[in-house]
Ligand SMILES: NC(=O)c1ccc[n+]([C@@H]2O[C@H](COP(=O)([O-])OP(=O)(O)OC[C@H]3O[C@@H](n4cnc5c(N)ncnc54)[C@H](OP(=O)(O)O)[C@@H]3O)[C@@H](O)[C@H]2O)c1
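A single chain, nothing else alongside it, follows as structure tokens in the form predicted alone.
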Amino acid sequence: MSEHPTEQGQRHSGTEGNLQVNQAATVLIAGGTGLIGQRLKQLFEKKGYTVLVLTRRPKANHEVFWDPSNGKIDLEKLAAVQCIINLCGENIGAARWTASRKAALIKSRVEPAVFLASILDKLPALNYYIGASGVNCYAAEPGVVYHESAPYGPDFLSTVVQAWEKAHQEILKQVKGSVLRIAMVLTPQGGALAAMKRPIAMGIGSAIGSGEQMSPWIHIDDLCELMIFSFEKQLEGTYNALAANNSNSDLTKTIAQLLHKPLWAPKVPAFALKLLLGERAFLVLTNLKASNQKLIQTGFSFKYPDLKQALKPLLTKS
């Protein structure tokens, strides 16, 4: 994805590059009802921010109605919003990638961003935007470490990310912000970690495919802290959001070690996984190694840069 310099017409406030953000500011999270959004809300509020969450079915005071499919939103509560964080997008691995599912995955990402772009002039206090994206957007050739300047790959996930980021850029033409290409997020419940943990906990876990394929990852707390950091430091551009790259074998062995479970089953052959999951097997068979150097150069530091260190609090009670 090409980097976009500050464009005429963007709204700014404060000192460029290192804005001292008012920590009584109001932050709006789109797609904020999931695990990442809930944790992000907690950490923002811990720092003194007010957090609002967009949802089709508001039930609490901090929840604000919207329906991007039909172009509806309750603007009355949004006058003080200084930052929007857009996490919208259906779970990429939740179902087989049929033609209709592929269309839904793209629509669930593009449609909310396009709608947000259309209402920015109605948000007078807004000065920053963060768009979530995916690090699985490169060609994923073995031996290559991918930086943000690399072109999109030819596969379906790359197509999703390209459409997603194009929609984000319509917002970034109007307001300062960044796009975070997020790696596999390690979370205490759900997500990829739960899927890997389940068979290992049952004593039937094993590596997948060759086991040598690399996977970029990030701990959920580091991801949320990165979003806060991006707003407070007013980062601009596109960033690979990952702490490290580890092989599937590394992930499997470390989980088993922390759960005190043996690994005796043979590796799951790639062809068997493709039969089971279809094209979706791409998610766990792709050999991708990405760089986080651009992110580190901003001054951001990871609390969990090591795999075992990141997994331990997620898999053990003490």
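Quick note: we count residues from 1 along the sequence shown, nothing fancier. Bear in mind that the values here come from a model prediction, so they are computed numbers and not experimental data.
Missing here is the form predicted together with the ligand; even so, the following discussion is about that form.
Visitor: Please check if L35 has a heavy atom lying within 4.5 Å of any heavy atom of the ligand in the model of the complex.
Guide: L35 belongs to the contact set for the ligand.
Visitor: I'd like to check something about N91: if you look in the model of the complex, is any of its heavy atoms closer than or equal to 4.5 Å to a heavy atom of the ligand?
Guide: Flag for N91 set to yes.
Visitor: With heavy atoms only and a cut-off of 4.5 Å, decide whether F44 touches the ligand in the model of the complex.
Guide: Taking the distances in the model of the complex, the answer for F44 is no, it never comes within 4.5 Å of the ligand.
Visitor: I'd like to know whether Y129 contacts the ligand in the model of the complex, with contact meaning heavy atoms within 4.5 angstroms.
Guide: Answer no; every heavy atom of Y129 is more than 4.5 Å from the ligand in the model of the complex.
Visitor: Only one of Y239, W164, Y138, F231 has a non-hydrogen atom within 4.5 angstroms of the ligand in the model of the complex; which is it?
Guide: None of the other options qualify; the answer is W164.
Visitor: Looking at S158, S108, Q174, Q82, which has any heavy atom no more than 4.5 Å from the ligand in the model of the complex?
Guide: After the contact test, the surviving option is S108.
Visitor: Please pick out the stretch from 118 to 126, 184 to 192, 198 to 206, 140 to 148 that is in contact with the ligand in the model of the complex, where contact means heavy atoms within 4.5 Å.
Guide: Answer to the contact question: 184 to 192.
Visitor: If you look in the model of the complex, which residues in 40 to 64 sit within 4.5 Å of the ligand (heavy atoms)?
Guide: T55, R56, R57, in sequence order.
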